[in-house]
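Just one chain follows, in the form predicted alone, and it is written as structure tokens.
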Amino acid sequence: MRRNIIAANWKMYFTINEAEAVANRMAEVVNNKTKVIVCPPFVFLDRLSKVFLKTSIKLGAQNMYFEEKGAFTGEISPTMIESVGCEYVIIGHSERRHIFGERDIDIRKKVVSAIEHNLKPILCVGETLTQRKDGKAKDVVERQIITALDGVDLNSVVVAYEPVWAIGTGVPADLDTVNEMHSFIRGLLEDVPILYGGSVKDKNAYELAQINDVDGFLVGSASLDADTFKKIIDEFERAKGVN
């Protein structure tokens, strides 16, 4: 079912005290109708679950391994993140794909495991600049989606389109590109929420949110400041006519 969602990906930032301070500020100012998810580093999840307990803000992890338990040093299982209050988990982020070498088949295993353990996966898809220049953007995104989601319960899934060349660069995809790609993904996944991620800021949130098939955002660096993040949510709701 389509629904409005804005998620914060804090990546590898903050100390525990810094993270708690930002979370406390978010708990104060974020009271929007749009579903809001915060995905901090693993080591902050337990502490922040207590901060968000009496708020509408949901907790998510940035990654997970597909096994429940075992001799997998350094990995975090779905049961672990579920046990500290997570409802969502980011899977297949471009940094996981391109820095850590995660393959489509690895990502599928994680999606399936997340759903089996009552977690809602936020599946990230997107093409590199070379793939776009070669005219392969849609082929890449379609392959990523079909491999990860074929046969799974789509009611539990959120998809985030993140053109790799726009992540962390400060330069978002132009509106025509976002509209074209979100429309293409909508043709594959009619009722699944589709978020846009890639240099989303409070200054461009309104115009991005005016695109019909943009159901929300996956926000990176701009979510590290609670008041800026609040502005992004407010601009999104203003564009969508949420009262």
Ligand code: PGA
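Predicted model, so just to flag it, every value in this text is computed and none were measured. One-based numbering along the sequence shown.
The same protein also exists as the form predicted together with this ligand; that form is not shown, yet it is the one meant from here on.
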Give me the residue from 107, 149, 119, 166 that has a heavy atom within 4.5 Å of this ligand in the predicted complex.
166
Using 4.5 Å between non-hydrogen atoms, is residue 221 touching this ligand in the predicted complex?
yes
4.5 angstroms heavy atom contact with this ligand in the predicted complex for residue 11:
yes
Residue 199: heavy atom within 4.5 Å of this ligand in the predicted complex?
yes
Partner proximity in the predicted complex: residue 95 to this ligand, non-hydrogen atom cutoff 4.5 Å:
yes
Among 191-199, 61-69, 36-44, 204-212, which stretch has residues whose heavy atoms lie within 4.5 Å of this ligand in the predicted complex?
191-199
Output the sequence-ordered list of residues from 21-52 with at least one heavy atom within 4.5 Å of this ligand in the predicted complex.
none
